[in-house]
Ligand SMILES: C[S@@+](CC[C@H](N)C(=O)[O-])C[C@H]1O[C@@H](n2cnc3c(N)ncnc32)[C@H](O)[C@@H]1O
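Next up: a single chain in structure tokens, the form predicted on its own.
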């Protein structure tokens, strides 16, 4: 993203919350939907938040395949990856849920972890396979949904889910599945956001406070902290939550 765009987002974050909400309400009411249609065209599901609960798995896959054909999102940057690696601790097996184009999964494999990357989009997985080939690392790639992970209980030492939990259809099922297949830790990176009907993403779940993540996972032992991602150069700029849940 441009320096001006980064500066605009950071300055906007300094405004009082009531002012930000008022400006957002005006934008949502009069401009946001038309702006998205002009920016992306017909391929973009501008009314995603209105319709996502009614979509079949096949429709969901098609929508994300189309999104990956038009946008190459890499939300997990170097600083985020280093924090996630530090949270993982000693090496072991990792399932990366929502692997996207494979950036985090590949980095974990380079650090000696045994990695499986899962994503709903075949288009994203094709990019991930090619990126792994270029980096000469071994990652097992699987297609599937967070709500129904195709693995037995406690299959992995760690489960990571970065910039993905905000995309799921059923949050309760997804978090239950993440915990089910993990033996030691579940690590989640999710943006700090309020609900907006129209936006340039397919987010369906929104986390305004740290306790939102803690409550949905329901683990007795966890760490959750807010991190600053305003200096990101790729898709996501703003504040996010890094959650580490410890499996009993």
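Remember, predicted model here, so these are calculated numbers, not experimental data. Residue numbers count along the first chain shown, from 1.
Not on display, but discussed next: the form predicted together with the ligand.
Although the partner is absent here, residue 141 is not a contact residue: none of its heavy atoms lies within 4.5 angstroms of the ligand in the predicted bound form. Taking the partner from the other structure, the ligand in the predicted bound form has a heavy atom within 4.5 Å of a heavy atom of residue 145.
Of the heavy atoms in residue 115, none are within 4.5 Å of the ligand in the predicted bound form.
At a distance threshold of 4.5 angstroms between non-hydrogen atoms, residue 64 is in contact with the ligand in the predicted bound form. In terms of contact with the ligand in the predicted bound form, the residue from 52, 222, 217, 68 that brings a heavy atom within 4.5 Å is 68. Though the ligand is absent from this view, in the predicted bound form it lies within 4.5 Å of a heavy atom of just one residue from 120, 95, 128, 108, which is 120. For the three marked residues, 179, 183 and 245, no heavy atom of any sits within 4.5 Å of the ligand in the predicted bound form.
Comparing 151-159, 85-93, 130-138, 69-77 against the ligand in the predicted bound form, the single stretch with non-hydrogen atoms within 4.5 angstroms of it is 69-77. Residues 162, 163, 164, 167, 168 are the ones in 161-198 with at least one heavy atom within 4.5 Å of the ligand in the predicted bound form, listed in sequence order.
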